[in-house]
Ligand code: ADP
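Starting off, we have a lone chain in the form predicted alone, written out as structure tokens.
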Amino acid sequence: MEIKKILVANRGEIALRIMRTAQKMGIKTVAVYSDADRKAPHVRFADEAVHLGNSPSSESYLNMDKIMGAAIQTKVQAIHPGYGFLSENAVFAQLVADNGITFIGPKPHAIKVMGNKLAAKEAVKAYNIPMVPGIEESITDISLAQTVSEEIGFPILIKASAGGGGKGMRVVQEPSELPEQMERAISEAKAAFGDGAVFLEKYIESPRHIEIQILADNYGNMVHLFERECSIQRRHQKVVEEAPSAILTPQIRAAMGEAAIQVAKACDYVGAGTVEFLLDRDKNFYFLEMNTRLQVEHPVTELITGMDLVEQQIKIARNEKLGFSQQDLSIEGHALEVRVYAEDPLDNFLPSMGTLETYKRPEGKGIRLDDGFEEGMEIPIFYDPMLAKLITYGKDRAEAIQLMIRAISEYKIKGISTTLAFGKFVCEHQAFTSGEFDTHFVKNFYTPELLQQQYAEERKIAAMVGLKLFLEYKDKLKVPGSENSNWPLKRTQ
């Protein structure tokens, strides 16, 4: 199947990242953009660009008809959805196929099954995949929920069936809390997903969040590309990711990889996908969900495997077979990613809007920056506040961490608040460097006051360095010795 031109139905850093690989493969690209992104780098980089409409995503990047119109107008053979927006929308994937265009991703059936947590659990049940104890059907009746919760045992977790990103999710420690938390979860799920269905499962305390990257072609060949550790989160949103995990043994890695492939087989998966697991204190793992798209954190996998995942997605979409087997894959070195958000870590990570007055990128061996902004650009309020992904690669974990600390210090952003300082806080914390952390890292170790303390310490060091330099060079400085110097007079003559 020939693909000469791809429309990238996304924006920002992921749109640019996809376009760069397409260009490398000799494939032309079409950008789409809203009013807010009219001057964005991804628009200039593409071979063609089509204006979608007003800035709100409902009138631009989420408008299926406008995107399909742009695809038909520019005569593309394929659409790459990136992540977010329409990337996991089975209706959109089917619409693309119905118009004779290739959707660079899985088939609509797989997206639909794995997009609903209950349907996903049902699909993998026959494959003997470990799952968290719970009720595998939606529930709204409070008395039934009380009975089920007592059987499972507290604490329990209420989860939105159609959800993600922490929305429609509540931890319940005591039976008395259940009615109120059920109502909140159902209400939040309705507002976020248009579907109030929730289900209950045992709450795994102090878990690690481990995910496995898989690739599958149209000929039944499937491989996993090892794991990513995604346990550093705030509000159930990943903020620091790495590969490989600091705690997986080769045996657990192999077992999780095989389980991920079985999950993919359960829905006849094709393309790049990610199977997410929880790992408890005893290193037992449980299936969580499958993301049927390219993940934000895919660069860490690319660095430890030497694989371009977007290239593999395009090749699979062209109906090519995987050019390698599981035995051909191995882990080399260590990669770390810090997501850089336009948020204020000193003010409960609230979004920070404004203009990038200064924007200087870190550079050097082992440093990769995936971004979609430039100095002077405004940060729009309409979309996710992620500015960039800063990724480092070293021969081992310690080197990758030290390189990240250096890269963060060299990344200069002024005009808005960012989470760079928080990323540095994580990388320097003993719990992280030791590998002894879980998904509660932020709750257990982070406070704005500790970050302020870090700022104060850095200012003190900078002042001491400045004083030392001044004392060393003061004899060489030609400074007027008295207020009667006639230098100012000469300057005005």
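What you are looking at is a predicted structure, and each value in this text was computed from that prediction instead of being measured. Residue numbers here begin at 1 and follow the sequence given.
Not on display, but discussed next: the form predicted in complex with ligand ADP.
Undergrad: By the heavy atom within 4.5 Å rule, which residue out of 339, 117, 170, 334 makes contact with ligand ADP in the model of the complex?
TA: Checked against the cut-off, the match is 117.
Undergrad: With ligand ADP left out of view, which of 135, 246, 132, 401 would have a heavy atom within 4.5 Å of it in the model of the complex?
TA: None of the others qualify; the residue that does is 132.
Undergrad: Tell me whether 297, 366 and 424, taken together, all sit within 4.5 Å of ligand ADP in the model of the complex, counting heavy atoms only.
TA: So, no: the whole triplet misses ligand ADP.
Undergrad: Choose one stretch from 413-421, 262-270, 155-163, 90-98: the one whose residues place a heavy atom within 4.5 angstroms of ligand ADP in the model of the complex.
TA: Contact-bearing stretch, as computed: 155-163.
Undergrad: Does at least one non-hydrogen atom of residue 188 fall within 4.5 angstroms of ligand ADP in the model of the complex?
TA: Because no heavy atom of residue 188 falls inside 4.5 Å of ligand ADP in the model of the complex, the answer is no.
Undergrad: I'd like to know if residue 201 sits close to ligand ADP in the model of the complex, meaning any non-hydrogen atom pair within 4.5 angstroms.
TA: So residue 201 counts as contacting ligand ADP.
Undergrad: Flag residue 307 as yes or no: does it have a non-hydrogen atom within 4.5 angstroms of any non-hydrogen atom of ligand ADP in the model of the complex?
TA: No, residue 307 is distant from the partner.
Undergrad: Given that ligand ADP is not shown alongside this chain, does residue 109 nevertheless sit within 4.5 Å of it in the model of the complex, heavy atom to heavy atom?
TA: Because no heavy atom of residue 109 falls inside 4.5 Å of ligand ADP in the model of the complex, the answer is no.
Undergrad: So which residues in 290-320, when you check ligand ADP in the model of the complex, have a heavy atom no farther than 4.5 Å from it?
TA: Sequence-ordered list is empty.
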